[in-house]
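In the block that follows, a single chain appears as structure tokens, in the form predicted on its own.
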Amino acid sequence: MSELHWKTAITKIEPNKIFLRGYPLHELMGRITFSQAIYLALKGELPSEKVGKLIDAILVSSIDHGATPPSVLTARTVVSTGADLNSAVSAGILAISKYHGGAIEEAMGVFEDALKRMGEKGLSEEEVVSEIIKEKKEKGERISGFGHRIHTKDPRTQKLFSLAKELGFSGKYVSIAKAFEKGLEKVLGKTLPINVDGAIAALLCELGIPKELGNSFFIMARVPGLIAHIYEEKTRMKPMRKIHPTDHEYDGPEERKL
């Protein structure tokens, strides 16, 4: 066997056969949702319909957030130069980092640390949360997943937590996230509500998703939104225009109900 030989446990390809984590791909088609397939690819096992429904909601929650985020401005700027779709999408994705889309992984780490300390030290949820907040404050570090530049009560957070409770996934991590919300207000003297990143972080922890994959859910969710902005820029705007980051207005459909 060659010294260059290596192994993968994700996909097996043979003539006329495609297996994803051992399942024939054509048999999965039409029987599971895309979100369930994502879970299967990442975790190696088929999830329940409830898990798929929760992941669906997580992905929908972050599909787009207007024209001002750095990833959107970057993608629009790149396609404005005449670049191809894949280049513009790649540019938008590359703009997702620590301060834009990176909060999910960081928040997951904090929530996991809190639960670990509770078990190791025998402290209450409130005590551990207070301890971590004070440590972060002394170091001049912020806790990701709380507060928002626009929303004082993120409607996406409320919906995700409500759905998680309905589906049976509102457990210890959701409780810890809510404890941090209360603890931050107590220590800092101001309200920093759980934003969508914090809510997603708590729910991914509940689903047993490794924190190293946390930001991937933001990336997967945001790609369709980026493509919509790229297509609009390419078909509606003049090439090489000066793109103002905030001086724009919405002229799409009026508010609609399902």
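A residue's number is simply how far along the shown sequence it sits, counting from 1. Computed from a predicted structure; not experimentally measured.
Not on display, but discussed next: the form predicted together with a further copy of the same chain.
J.: Partner absent here, but in the predicted complex, which of 130 to 138, 172 to 180, 67 to 75, 115 to 123 has residues with a heavy atom within 4.5 Å of a further copy of the same chain?
T.: Heavy atoms within 4.5 Å of a further copy of the same chain in the predicted complex occur in 67 to 75.
J.: a further copy of the same chain isn't shown here, but in the predicted complex which of 164, 89, 110, 184 has a heavy atom within 4.5 Å of it?
T.: By the 4.5 Å heavy-atom cutoff, the listed residue in contact is 89.
J.: So in the predicted complex, does residue 144 come within 4.5 Å of a further copy of the same chain, heavy atom to heavy atom?
T.: Contact with a further copy of the same chain, no.
J.: Taking a further copy of the same chain as it sits in the predicted complex, is residue 190 near enough to touch it, meaning that at least one heavy atom pair lies within 4.5 angstroms?
T.: Although a further copy of the same chain is absent here, residue 190 would stay clear of it in the predicted complex, with no heavy atoms inside 4.5 Å.
J.: Look up in the predicted complex whether residue 160 has a non-hydrogen atom within 4.5 angstroms of a further copy of the same chain, and give yes or no.
T.: Yes, contact at 4.5 Å.
J.: Should residue 168 be classed as touching a further copy of the same chain in the predicted complex when contacts are defined as heavy atoms within 4.5 Å?
T.: Although a further copy of the same chain is absent here, residue 168 would stay clear of it in the predicted complex, with no heavy atoms inside 4.5 Å.
J.: Under the 4.5 Å heavy atom criterion, name the residues of 14 to 32 that approach a further copy of the same chain in the predicted complex, in sequence order.
T.: Heavy-atom contacts within 4.5 Å come from 14, 15, 16, 17, 18, 19, 20, 21, 22, 23, 24, 25, 26, 27, 28, 29, 30, 31, 32.
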